[in-house]
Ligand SMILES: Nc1ncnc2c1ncn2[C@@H]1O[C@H](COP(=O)(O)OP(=O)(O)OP(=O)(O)O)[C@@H](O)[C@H]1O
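So this first bit is one chain, no partners, the form predicted on its own, shown in structure tokens.
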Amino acid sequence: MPSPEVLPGPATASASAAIPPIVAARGVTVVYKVGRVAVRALDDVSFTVQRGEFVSVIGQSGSGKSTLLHALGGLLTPTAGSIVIDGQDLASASDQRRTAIRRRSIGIVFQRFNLFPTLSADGNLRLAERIRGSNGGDPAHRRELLRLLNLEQRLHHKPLELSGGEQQRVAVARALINRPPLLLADEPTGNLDSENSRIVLGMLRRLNEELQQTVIMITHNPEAAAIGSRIISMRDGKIIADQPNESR
């Protein structure tokens, strides 16, 4: 399979020639049919993300940011274009192959925590390990995630015994349990109050800085977007700005 074309972003152009990007999206278009009307949720979107970047994608409702995240996560197939994740093209993959790529290379955190209510925090993590094919798991990695996310003392608590922020941090740990090179976060603070939002965003930044975890986070909130090292702005299915975050 030929190497994907590299589309350097403004913050990473010098490095892109030597290191293949973890994400390379080229001409990604998603068209929905609503009755007889064709709606372009994404319109010829192209960008790359280098390993270790924290990219915030910001836009209002209807801008296409959620559709973009779902396409990057292999949860929908673009109408046109290619999406290469860790060297593999999601857009041309079969459903079975796309599932395998998602399990190995992508962790996703949604706005809703989606934890199993009858399992403890540790039980939710162990279940995620088994689903992704790791029967014995990696206790050392699990402990490191829990340390970074300040969850060591909440290991045996069930979701209803945790705050919203703690539940979201468990969801983050679950998404990273098998060391995916890419973490996608879909409005991760959308269901949290301001204090818990601050804590969760701080944890995501620590994961990026201390573990060099690549993160793409979508949000409508400029304050949340400001933790990214790069900010992509969207409107009407298009990227209208893509620039490094000088304030970080």
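Start at 1 and count along the sequence shown; that's the residue number. Everything numeric in this text was worked out from a predicted model, so none of it was measured.
The form predicted together with the ligand is left out here; the points below concern that form.
(message) To test your reading of this chain, name the stretch in 208-216, 176-184, 36-44, 189-197 whose heavy atoms come within 4.5 Å of the ligand in the model of the complex.
(response) Of the stretches listed, the one contacting the partner is 36-44.
(message) Within 4.5 Å, heavy atoms only, which of 27, 202, 222, 62 is in contact with the ligand in the model of the complex?
(response) Of 27, 202, 222, 62, the residue with a heavy atom within 4.5 Å of the ligand in the model of the complex is 62.
(request) Verify the contact flag for residue 50: yes if a non-hydrogen atom of it lies within 4.5 Å of a non-hydrogen atom of the ligand in the model of the complex, no if not. (result) Answer no; every heavy atom of residue 50 is more than 4.5 Å from the ligand in the model of the complex.
(request) With heavy atoms only and a cut-off of 4.5 Å, decide whether residue 56 touches the ligand in the model of the complex. (result) Result no; residue 56 lies far from the ligand in the model of the complex.
(message) Suppose contact means any heavy atom within 4.5 Å; which members of 65-90 contact the ligand in the model of the complex?
(response) Stretch hits, in order: 65, 66, 67.
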